[in-house]
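The chain below stands alone and is given in C-alpha cells; this is the form predicted alone.
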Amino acid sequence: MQPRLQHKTALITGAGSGIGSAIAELFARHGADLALLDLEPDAVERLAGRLQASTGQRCLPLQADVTDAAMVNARFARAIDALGRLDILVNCAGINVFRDPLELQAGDWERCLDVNLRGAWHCISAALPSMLAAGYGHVVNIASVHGHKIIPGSFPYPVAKHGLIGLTRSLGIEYAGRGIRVNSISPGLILTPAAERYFDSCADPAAERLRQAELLPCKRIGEPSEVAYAALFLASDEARFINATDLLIDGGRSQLYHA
C-alpha cells in the first residue's frame, strides 16, 4: 500500500492519548514526520520514541499548553525548524467541561473556551505563516457531535465546539485561494481514556457502557482509530477538493429522532 502522507510533515496537538495518539500512529505509518504536542510531556516522549523506532519517521515530542499563545508559537517554531516545514496541523487538544449553566464558575467557562476554541486558533495562527509561504497546508480540527446537537447537561462544551466548527468554515473560506484547506471532524462517543473514566465513575460501569452502545444505530461505541482514518483522509491530497467542511463520525446517532 502506498503511504498516503509520504514526505509530509504534521503537527498533532493532544497527541499523548486517545484520538490524538491514534492519529499520530496512523500518520507515522503512512509516512509523515511528526511533531507531537501535549500538555503531558512523558506521554508524548514515550509515543514519539515508540513511533520513531517502529516506523523510522522523525517524531519530535513537544510539551505545551495550547492556551498559552507565546508557548505555542515557540513550540511551532521549533517543530518547523526540526522538520523543515509544516504541511499538516491536527488540532486534537481538548477538555470536557459539563456544568449546570447557573452553577458554572467563571474559571470553568474560560478554561473550556481557552482550550477547546482559543487553543485551536493559537495553533492555526502559529502554523499559517509557514503554510502560506509554501502555498500549501491542511488543517484538521477535532470538533464534536456536541457542535451539531445539544445534549442536556453538557453546557458549556457545545458552545466551544460550535465555535470550532465556525472557525473551521471561516478560515477554510478565507484561505482557500492560497492553497490552505481547513476541515473538521465531529466524533460522537469514542472509547478514549476520558470515556473510560466516565464509565468507571458510574455505579454500574458495564450497564452504562451497554446503555450508551444501545443508543447508537450500530449498537457499538466508536474507536479512536476510526476517527484517525477520517483525519488521514482529510489531511491527504486525496481530499484536495474538500474544504470548510465538517465530517460527523458518530455511528449515525445524531440523525435519530428520539421520542
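All residue numbers refer to positions in the sequence shown, first residue = 1. Quick caveat, the model's predicted, so the values are computed rather than measured.
Although not depicted, the form predicted in complex with a small molecule is the subject of the following passage.
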Of 28-36, 201-209, 64-72, 228-236, the segment with heavy atoms within 4.5 Å of the small molecule in the predicted bound form is residues 64-72
Please identify the residue among 142, 89, 120, 182 with any heavy atom within 4.5 Å of the small molecule in the predicted bound form.
142
Though the small molecule is not shown, can you say which of 104, 165, 95, 83 has a heavy atom within 4.5 Å of it in the predicted bound form?
95
Report yes if any heavy atom of residue 24 sits within 4.5 Å of a heavy atom of the small molecule in the predicted bound form; otherwise report no.
no
Applying a 4.5 Å heavy atom distance criterion, does residue 157 contact the small molecule in the predicted bound form?
yes
Residue 220: touches the small molecule in the predicted bound form, heavy atom cutoff 4.5 angstroms
no
Whether residue 214 contacts the small molecule in the predicted bound form should be assessed with a 4.5 Å heavy atom distance threshold; does it?
no
